[in-house]
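Shown here is one chain on its own, the form predicted on its own, set out as structure tokens.
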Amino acid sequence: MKANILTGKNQPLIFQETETPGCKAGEVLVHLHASAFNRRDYWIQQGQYAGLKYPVIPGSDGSGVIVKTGEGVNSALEGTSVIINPGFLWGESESAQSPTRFRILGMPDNGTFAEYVSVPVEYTFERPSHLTHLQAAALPLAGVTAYRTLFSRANLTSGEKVLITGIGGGVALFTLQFALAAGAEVWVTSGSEEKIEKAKKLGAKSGVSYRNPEWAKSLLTEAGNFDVIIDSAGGEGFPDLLNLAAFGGRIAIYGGTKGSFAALSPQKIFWKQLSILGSTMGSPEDFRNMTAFVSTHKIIPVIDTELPLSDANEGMNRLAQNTQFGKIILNHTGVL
């Protein structure tokens, strides 16, 4: 098979022939029709990720067709169109993943930037029927992260007001789409006015640019306080979120691109009875509920760029520029 192989830190992906993976007991071999980039893939290439192992085929997201089943797997599954849950060995507790066993497809295990991938059958889910392979490939990692953050952790309910920081990335956009489908009023922030306007076209009420030093005051004046705030940045602007949160508000965090928090006021946290919630990926139950939610509400992922499998380095470059609005997709077959 052909695959994109990462041979070391800060190295380009090499598109070349490599051995097609086998199919062990309990596994299925998936012929991938499409895959998608996540910010994780960029950090792995930069060498800024735990447990690095080279050479490796990156990629956590994929959609395709089961073409072979291993021992103990029903052969009737062959021909089934599936998406892959990239979070392996979550563990027994819904509250958090296992700190020692949990792993994500694409590092250290070979991932989806290839023609084929072999995975345990329990991590395959039937592709939502309203989505093409290209659309479905956008869903797994970002979709389950958004779902868990918004519903399992922040417990969003219909009619609440939500703020999503840094709109444009995959998780933030799924959070926007999911919150709107759940009946919430959604506001956004971005460093790009163009991205704010695109978010409004998707249904966001409005938004502000965080490049404005007075962005938080402006947002408070325009929108008032928020029941739920979903953040991926952290950094020196995080204390502003305490001011924007309503009494009893929930601030859920799934990333930290801006680094450590500046000094937080414990008085604001306890007086406003705020909950600050961390979230990473999602459990198998989260993934199952996410795919059902997407199917019920006929949610279609936002695609920024489509590239052939052989042009994966262009996808990495697009991530590095940080200008995308939606997911960057690799089309493996040309037939979607």
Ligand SMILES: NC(=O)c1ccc[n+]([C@@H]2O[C@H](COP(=O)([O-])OP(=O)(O)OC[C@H]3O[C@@H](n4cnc5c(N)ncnc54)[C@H](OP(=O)(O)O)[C@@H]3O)[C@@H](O)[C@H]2O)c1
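Residues carry their position along the shown sequence, with the first being 1. Given the structure is predicted, the values throughout are model-derived calculations rather than measurements.
The same protein also exists as the form predicted together with the named molecule; that form is not shown, yet it is the one meant from here on.
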For the three residues Ser81, His133 and His297, verify that every one has a non-hydrogen atom within 4.5 Å of the named molecule in the predicted bound form; reply yes or no. no
Thr280: touches the named molecule in the predicted bound form, heavy atom cutoff 4.5 angstroms: yes
Any of the heavy atoms of Phe178 lying within 4.5 Å of the named molecule in the predicted bound form? no
Please run the contact check for Lys258 against the named molecule in the predicted bound form: heavy atoms, 4.5 angstroms, yes or no? yes
Check Tyr123 for me: does it contact the named molecule in the predicted bound form (non-hydrogen atoms, 4.5 angstroms)? no
From Arg288, Lys268, Arg39, His31: within 4.5 Å of the named molecule in the predicted bound form by heavy atoms is Arg39
Here the chain is shown alone; which of Gly191, Pro239, Gly203, Pro108 has a heavy atom within 4.5 Å of the named molecule in the predicted bound form? Gly191
Heavy atom contact within 4.5 Å of the named molecule in the predicted bound form, the stretch among 308-316, 321-329, 8-16, 21-29: 321-329
Neighbours of the named molecule in the predicted bound form among 144-167 [non-hydrogen atom within 4.5 angstroms]: Thr145, Thr165, Gly166, Ile167
